[in-house]
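Quick setup: the structure tokens below cover two forms of a single protein chain, split into structure 1 and structure 2.
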Structure 1
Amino acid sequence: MRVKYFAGFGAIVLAAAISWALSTGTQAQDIQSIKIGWSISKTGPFAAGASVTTLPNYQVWVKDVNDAGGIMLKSIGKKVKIEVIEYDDRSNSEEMIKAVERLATQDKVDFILPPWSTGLNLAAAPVFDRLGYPQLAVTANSNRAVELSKRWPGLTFWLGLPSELVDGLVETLVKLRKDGKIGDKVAMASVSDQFGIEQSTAAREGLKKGGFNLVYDKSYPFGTQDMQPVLKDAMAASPDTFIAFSYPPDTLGITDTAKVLGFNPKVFFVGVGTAFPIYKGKFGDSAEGVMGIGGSNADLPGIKNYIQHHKTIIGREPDRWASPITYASLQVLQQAIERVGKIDRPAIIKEINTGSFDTIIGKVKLVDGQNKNTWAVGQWQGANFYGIAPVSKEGARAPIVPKPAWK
């Protein structure tokens, strides 16, 4: 009886194992798509940035992957196309968090792509971590990035720390002062949200170390439309250098107002949106010599091809900073999935953090969750927004200073 029992039990286990294997195999072979979702600002004040830097690159990448047959999953021996589920977070952190949770728990997507902006990405980070999804926070800047990536291993940062961006800016200004092209008087304005606070805090420290005299230092409320009070006060301080840590609408408004007032310091540096094609389109020849955050090397074959490819699909050119990095981050995600060979998010997170990847911006290998292949400062020179700092980076252009007069 005991023998029969064990024999019977063994047969049951064997039958169950065969049944499970067949069932699993059938399920695996039945995978028809990889579900990828995102919550993005299609309306509200963040829509201007998200509609240039983030959403178009999600769309281009999905099209590229699907046109190539999909993402290869070695576990089932075939390519699988991407299915997209998206929500509008309305530039609101509560709406974004609800959408991310819905994507994970109701839509049961395989991967979630990040929202736009520092604030929304930092708000999303604990939620992505709790749900077990990698978060490629391309448009987030925080001096706590290394600490946050250690706390939440799936969270990675791609544009450089605010301190690194400021280091590049201060490095540029120090050399210009040494060459006798500028003095030490700096005026600074910053939007009073997470991005502006992080950047301006780092800038104060960096400018002080660099021996600069901060003659004007004010923040303005998020959503400010009239920039005349800010610019008039900055202009009254007669700075050699003007710095604004601004969002796209502010960046355009500050530049417009500077032209109207005739405020043309030797260095004119504005924030997010400077690298956008709309900036060059709006200001034309007046964009020449304007500096801003980020940049790219448009002479790299990968970047050159990407710009044309993006224009062909979306109908307009990408920005020259975070757009190529956003696309590169998605190339990293795809390569990590294909190396793991299945939808195993913990393994994919590990691969993203430890692997080395070939992308349109060149080789990418994260260090402590940070992409180090970044530009700190760019400048409009002709038709492109070229990286000028750090000067040690391959392809760095010499800055045009003083900035030409407004046209």
Structure 2
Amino acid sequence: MRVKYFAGFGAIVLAAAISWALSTGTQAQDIQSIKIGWSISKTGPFAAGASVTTLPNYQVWVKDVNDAGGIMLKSIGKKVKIEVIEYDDRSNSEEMIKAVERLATQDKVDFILPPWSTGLNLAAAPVFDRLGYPQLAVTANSNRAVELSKRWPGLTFWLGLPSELVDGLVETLVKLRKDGKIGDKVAMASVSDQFGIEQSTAAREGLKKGGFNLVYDKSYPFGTQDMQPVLKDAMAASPDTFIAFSYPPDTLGITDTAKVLGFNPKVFFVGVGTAFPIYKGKFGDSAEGVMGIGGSNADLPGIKNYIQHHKTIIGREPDRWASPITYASLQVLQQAIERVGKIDRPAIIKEINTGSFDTIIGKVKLVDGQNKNTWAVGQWQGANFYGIAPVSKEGARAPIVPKPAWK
């Protein structure tokens, strides 16, 4: 027994020693570079989302900034390049917290870019807040966003409240019905996780208020591989509008199955993934007229440029919803740093929250920590996924309804 206890004690000492040795944080004397770190899901279930929406935009932005000479710091009167430190959080809250702590206390980075997903961003929020870093949580989506931004002032939200997305959808449907393009029968399916549930709960209320008749309303588990049962029952209810609050694999699966079944309602709306280039790639001309979450105004020169640019650097096009916004959020960060002129994080947080910024998606001004420059509903029209709602938003296209037949 004696040997084992010694071994145990030795191991603990060793662990402590190695833990200290792992801390290779260097002290910044003169500002040679701005250190930016991120912890992102390179492995695990979140890798798919992070590698579409988040990581490529971080990479594109860093390259863009460094190609332009860096970020201008007035306080020292010169441009400073970005130095990147990245960790893999393995889609795990605890690992992410550890990585963020490490970025802040060991690597002593100047800024930390947020992880992917609502869950990881909310887990990160108290840590960012305690360490005093701004958190531009683009991929976090919560109806309690305003309250959360108050609790943690550095935390900002960028995709719009889930309820706003649904409001945009309902608004579109109300208008279409008023114009006599659709009737009031709606079928709805949703993935049973936070996103699907919040959206469908909000939609259920909104549709009821709008006087629509919900003829089918079910949720299905994440990872469902066969959408036929859902679509057959939805189809049997012969709705004018079909709504699915789905994730990329099911978005593609639902569309594929609808096509096979010849289910072609006047409005066909699917969730996350509709705005992905893979959607257009898989369905080609059949994508025409499909509505989905998000969208962008591809006629803006900034967006046009950005799409081209992203394709050159990453090798594929960005998605047309959260990707441009992610890039825009980084532009906001850069401009805020430059306006403050030095690494003064409280001042930068204040500037992000109060300033007004020019980005590829147009003008951005946060209200209560919320970005208001968002599209709720988009539609594939030709080669692009254009924003169509909120209807009042500048650049909103008129929807193509009824949706053309599957090709």
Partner chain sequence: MTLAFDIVLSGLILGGMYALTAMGLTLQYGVARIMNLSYGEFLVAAAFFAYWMFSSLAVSPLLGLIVILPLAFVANWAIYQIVLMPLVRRSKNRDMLEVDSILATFGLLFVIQGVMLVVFGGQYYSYSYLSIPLTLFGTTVAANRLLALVFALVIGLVVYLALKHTRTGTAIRAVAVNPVSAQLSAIDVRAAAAFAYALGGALVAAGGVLVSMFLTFNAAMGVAFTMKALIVVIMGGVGNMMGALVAGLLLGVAETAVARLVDPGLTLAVTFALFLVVLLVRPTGLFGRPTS
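The first residue in the sequence of structure 1 is number 1, and each one after it adds one. Only a predicted model underlies this, so the values are computations on that prediction, with no experimental measurement involved. C-alpha atoms forming the largest set that superposes within 1.5 Å between two forms make up the rigid core.
- Matching the description of the form predicted in complex with its partner chain is structure 2; structure 1 comes from elsewhere.
- A two-part rigid-body description fits the chain between structure 1 and structure 2; in it the smaller part is rotated by 11 degrees against the larger.
- The two forms, fitted on their core, place the C-alpha of E95 4.2 Å apart, compared between structure 1 and structure 2.
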